[in-house]
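Presented below, as structure tokens, is a lone chain in the form predicted alone.
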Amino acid sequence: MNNSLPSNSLKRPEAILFDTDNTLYEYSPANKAAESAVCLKIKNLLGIDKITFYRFYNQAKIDVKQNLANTASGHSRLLYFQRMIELLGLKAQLLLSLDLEQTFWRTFLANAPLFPGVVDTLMYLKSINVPIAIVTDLTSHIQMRKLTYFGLEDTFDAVVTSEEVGSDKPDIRNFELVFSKLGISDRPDFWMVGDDPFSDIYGASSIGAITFQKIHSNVKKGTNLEKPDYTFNNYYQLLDIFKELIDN
């Protein structure tokens, strides 16, 4: 845990923003399980082995991201699977693409528990009337589906996805839109909780946020312009930091 700022230097925030993926839950195990489930389905339906699946799936992701760089649709599993099927030479297989997407997200959610302490932290902030919001990349449908699956559908005061803005973080329009939804000034005193040094930490700090980076497996602490003000390993640490900074 890193506390680089004395608590008496901070104002009570007008809002605290949270990223979703790899911030409220660990992304990699869920994504790995989901890809494995799709790989198995492809093997059973088409007889395609694991090596071939991942070769074409990874190429499909590259193709989609090149066409839709830094947009919500650039993360679309439906587009990944559609492109993968095309690369396999099967032409348009729309029902199969839709089926694979459903398999992916159903398995993903089943393997994406919230980090311990997330709910306690959010409930504390609500109890002291600090507005909280989600600012997340990817499409609105799946991000709303995730938050509903987590039981957080009524928790946040506002939710913004990069689909609404047309560009992923760190595009500041993501933050500006959430401020508008919260009905607060364009540049409020706000805090940002995220995992990604570039999109979350740099993106929010570039417009004046106090930043908190969630550190866990395969997450590297940001440096230089991407350096967070605070780091934490688990949400009970973050809750203690919030109580110290806000209650004091």
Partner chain sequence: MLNKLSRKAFTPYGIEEQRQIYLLHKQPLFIIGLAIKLLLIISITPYIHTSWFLPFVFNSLTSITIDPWSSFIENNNQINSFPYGLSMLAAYSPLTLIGINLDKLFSTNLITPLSFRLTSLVFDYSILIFLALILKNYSHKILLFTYWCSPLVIFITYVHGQIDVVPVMLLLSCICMVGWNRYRSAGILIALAVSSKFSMLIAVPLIIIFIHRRKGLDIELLKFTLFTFIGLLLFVFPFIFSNGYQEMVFFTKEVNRLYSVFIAYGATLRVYVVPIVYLLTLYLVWRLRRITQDLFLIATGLGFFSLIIFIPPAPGWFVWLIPFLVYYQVRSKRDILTIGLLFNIVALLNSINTSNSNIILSMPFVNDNSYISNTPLLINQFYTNVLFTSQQALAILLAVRMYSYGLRRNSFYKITNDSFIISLSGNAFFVIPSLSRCTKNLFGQKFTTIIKSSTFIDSHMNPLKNINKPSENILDKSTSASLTELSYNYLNTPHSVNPVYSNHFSRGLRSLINSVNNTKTDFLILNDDINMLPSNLKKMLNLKLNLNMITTRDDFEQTPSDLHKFNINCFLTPVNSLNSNSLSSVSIDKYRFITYLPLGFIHDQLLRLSISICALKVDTELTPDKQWVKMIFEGEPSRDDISQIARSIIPQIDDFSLYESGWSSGYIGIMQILIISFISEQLATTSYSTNLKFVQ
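As the structure is a prediction and not an experimental result, all values here were calculated from the model. Numbering follows the first chain given and starts at 1.
This next part talks about the form predicted in complex with its partner chain, which is not shown.
Student: Exactly one of 133, 109, 177, 138 has a non-hydrogen atom within 4.5 Å of its partner chain in the predicted complex; which residue is it?
Tutor: Comparing distances to its partner chain in the predicted complex, the residue within 4.5 Å is 109.
Student: Given its partner chain in the predicted complex, answer whether the residues 115, 145 and 148 all have a heavy atom inside 4.5 Å of it.
Tutor: Yes, because 115, 145 and 148 each have a heavy atom that approaches its partner chain to within 4.5 Å in the predicted complex.
Student: Answer yes if any heavy atom of residue 61 is within 4.5 Å of a heavy atom of its partner chain in the predicted complex; otherwise answer no.
Tutor: It does not: once its partner chain is placed as it appears in the predicted complex, residue 61 has no heavy atom within 4.5 Å of it.
Student: How about residue 29 - does it come within 4.5 Å of its partner chain in the predicted complex, if we only consider non-hydrogen atoms?
Tutor: Because a heavy atom of residue 29 falls inside 4.5 Å of its partner chain in the predicted complex, the answer is yes.
Student: Decide whether residue 167 counts as a contact residue for its partner chain in the predicted complex under a heavy atom distance cut-off of 4.5 Å.
Tutor: It does not: once its partner chain is placed as it appears in the predicted complex, residue 167 has no heavy atom within 4.5 Å of it.
Student: If we define contact as a non-hydrogen atom of the residue within 4.5 angstroms of the partner, is residue 37 a contact of its partner chain in the predicted complex?
Tutor: Looking in the predicted complex, residue contacts with its partner chain include residue 37, since a heavy atom lies within 4.5 Å.
Student: Residues in which of 70 to 78, 86 to 94, 125 to 133, 151 to 159 have heavy atoms within 4.5 Å of its partner chain in the predicted complex?
Tutor: Going through the listed ranges, the match is 151 to 159.
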